[in-house]
Structure formats: C-alpha cells, structure tokens
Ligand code: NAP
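First, one chain by itself: the form predicted alone, in structure tokens.
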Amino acid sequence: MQTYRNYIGGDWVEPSSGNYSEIRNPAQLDEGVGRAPLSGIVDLDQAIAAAAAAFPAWAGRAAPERGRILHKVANIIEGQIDAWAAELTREEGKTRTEARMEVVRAVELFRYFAGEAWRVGGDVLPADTPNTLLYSVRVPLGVVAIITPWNFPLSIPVWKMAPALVMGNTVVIKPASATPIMALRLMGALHEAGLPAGVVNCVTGSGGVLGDALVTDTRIKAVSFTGSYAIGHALYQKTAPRLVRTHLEMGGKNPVIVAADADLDKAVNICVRGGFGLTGQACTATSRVIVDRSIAQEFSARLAAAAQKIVVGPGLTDGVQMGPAVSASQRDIDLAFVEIASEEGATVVAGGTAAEGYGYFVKPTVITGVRRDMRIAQEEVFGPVIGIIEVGDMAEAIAVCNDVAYGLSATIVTNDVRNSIRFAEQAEAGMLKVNQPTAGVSIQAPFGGFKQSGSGMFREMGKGAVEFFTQQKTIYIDGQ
C-alpha cells in the first residue's frame, strides 16, 4: 500500500504527527488504496505560509503564462486517463465509466480555465471629467482555502483550483478525509507541469482538526467549500466576523416532475440516470419524483422494474452499473432513511436493503406513497433512494417542488411547452432542466443553488468562478 505525503512548498512532507489513515476500496474492503497523512495545525500553518510566500510572484506572472501551466497539467492527466480512472474507482467506488467521465471532466476544466487567462479583464468607462482615463481591472485575492467533498475527489478540487490559479491566487486545499488520494495524485501532476513551489499546497486529515484553523487564519483571503449544510453553515459563522469572501455549495433535494403528458420511458430513464447514477452520491442527484396522479401507478411500476435490473457491484467489474456507498456510515444513513420512510407510512417497492458483496452496497431503492411532509421528502439522503410523491396537477407539482429547504437542481419531463415555461419561471432552484436528468452540468455555465443549497452570492464554474476568485479595482488617471 503506497504511503502519500502532504504537498507543501513544492515538496512532499511527512505529517508532523507521523500518523496516517488507511484508505480502503469501499467495494472490496480487503483492498488498501493508500495511506494518507493525518495532519495537524503545524502542517497547516506551513502550507498557508508557503502559499503566502508564493503569492506575489505568482500574481505577478502574466495570466497567459499561468494558463500555459494549466494546459500542461491537462496534458499530463489526459495521457493517463485510464490509470487515473481506475484509481478513482478504487478510492471512491463509482463505476469505471463514471470515474473516466470525472477524469475527462478534470481535463476539460483545466483547459477551459487555462483559456480564461486570455479573456479576464476589466472595462474602459466614459469619464465624467475632461482628460480622465477611467477603467477597471480584476486582481487576485491572495491565499485561498479550498475544502472539497468525497464524492468527486478529482473534479471538484479542479473546478475550484483551476480558476483560482489562473486568476493569480495561491491555494491551500483540504480534501475530504474519506477520499484524499486523488487530490494528492493531482499535486503530482501540478508539480510535473512546473507549477512554482508554494502556489498549491495540499494538507490531508480530519476536518474537525484542520477546519477551524484553516478558515480563521488571517492569511486566508477567501474560502470555497463544498459539503453538507451543517458543516457549511458552521463554517460561514467562522468566516463572517472577518468578512472573508466565502462560497458554499451544500447539497440539494432535487425533484423530477413527471407531467401527465410525459413520455414514461423517457421519464424512467431520466430518473434512473439522475437517481442511481454515481450511486446517488451527487449533490444534483434525483431524490424526489413528483408524478401526476393519473400516471403514477404505471410510472412507479416501471421505475421499480428498472431499479431492480441495475447491476450493483465493484466499479471495476465489467457490466456493473452502480457501485457502493463510499463508507459504512453512508450506507447506514441510506438504509436508515428507508426504514424511517416505512415507519412514516411509505412503501418500498424496489431495493431498500444492503446488496450482496464484501463492500458498502445498497440496492437501488424506490419508495411510493411518500407525502411532502415526510423526512424522505425533505432531507438529503445522498444515496440511491428515490421517493415518489403523487400530485393532482401542475400547480401542486410546482408547489411540492419548492416545498423543501434546498434549491439546487430540478427537472420536468413533459411534451408541453407551456409546462416547461411555467416550470422555468416558478421552480425555486439554481439549475432547471427540461427532459434531462437533474445530475450533469456544463463547465461554461454557472453552477449553484437557492436557499440552503448555497451561500448564493457567487456561482462556481463559468464566469462566476472568475468573479469569485478576483476583486475589482477602479482606476482614475488625470491626463493633464
């Protein structure tokens, strides 16, 4: 089993504690993936100091030069896609196909934001006094902290890191303790590409040990976090007193509305892809299906049948369509929500139990008879569990769609353009789709949600990422 080290100041550094955690394959628990550092405050302080020292020179480089380094990183990863995908599957559990898509997405993100190096700029404005040059520019913030989740251990670090770097910031990243290996592998690619020492630093370990010290350090000028609402809300209270720029992505309770006129085969396919793809372990995953009562019985039967056909197993095995939960605790959460739904009066019509195998497997689960006030209809499960809610008309469907604390992604399946327009105008979510799964986004488009799904002031990816990782200067020059 390979032992990894923190990446600090351009070097591989052992943790001050001397302690490591063992990361195991969630599909095959007897397989070790690697040993990652259990870091402490001393290690974190070194990482922040290295990033602070590297900032002036990195910010002073021409933006296209920074972009060229990101292109080199993309080339390195692209040349090893299959190897990276296999390692990602062993660490997180998703299928080989899903892992390969994530690695490809990381390459695309580096290339997209490398291109932004040629486009970032400001505005020349008409001055209201004679002989005055008035213009604005965007400048980097400084040292930024990036805290990433376990479900996309490569692509989310990249979609935060790439825009931060190309805009001239330096980075300290704390990846999820459940899946730190891909982030450390990413450090190797950055190092190979010639990224200057200290520009990116990676420290792994417990969020409980490192989190407060990272987000409250006065050298940190911005924090970008993806994770649960509970942790994100607590983090926000720590950054607010210093007025530190903070971006939070905190999950969803994403619905698919199936209208009375919907193509049922298409609706089932959309729900299967959105709810059971990635083992349901995505913030944009489908967890509620809101179905017109006139078609609910037939739709539910079709979705249950489709769920029962999904092949569950180790992600590197040919023919497997869904991998395991990432951990024993996540598997137990998935099954606990199924039990709670049954106790509250809902009916499990597919799955609902652990699947066979020496890993954290859960069968794809479909639950009918769900009421909008049940916990399964309100709380994020983060597993392959879909609850079906019956409604009488489109007005009720949109009301149920909006009747949760989250608002990240939502879909409608319909052939009626009037339904589509009404949904687009009235649904309370940051990303709305018509006849497409709730999961899956474009890197050039803003990513983010309403309500408890995010802090709301900024978006990730696209131009929103550039805006978050820069601040504006307005400059007046008297030409006389």
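Since this is a predicted model, take the numbers as computed values, not measurements. Start at 1 with the first residue shown and count on from there.
Omitted from view is the form predicted in complex with the named molecule, to which the following refers.
Comment: 153-161 is the region of 185-193, 153-161, 95-103, 82-90 lying near the named molecule in the predicted complex, near meaning a non-hydrogen atom within 4.5 Å. Although the partner is absent from the chain shown here, none of A114, K221 and F468 has a heavy atom within 4.5 Å of the named molecule in the predicted complex. Taking the partner from the other structure, the named molecule in the predicted complex has a heavy atom within 4.5 Å of a heavy atom of K174. Residue contact with the named molecule in the predicted complex: G207 places a heavy atom within 4.5 Å of it. When contacts are judged by a 4.5 Å heavy atom cut-off, F382 counts as touching the named molecule in the predicted complex. The named molecule in the predicted complex comes within 4.5 Å of a heavy atom belonging to T148. In summary, among the residues L235, I389, C271, A325, the only one with a non-hydrogen atom within 4.5 Å of the named molecule in the predicted complex is L235. Comment: the named molecule is not present in this chain, but in the predicted complex one of V291, L408, M167, V143 has a heavy atom within 4.5 Å of it, namely L408. Residues from 204-232 that approach the named molecule in the predicted complex with a non-hydrogen atom closer than or equal to 4.5 Å are G205, S206, G207, G208, G211, D212, F225, T226, G227, S228, I231, in the order they occur in the chain.
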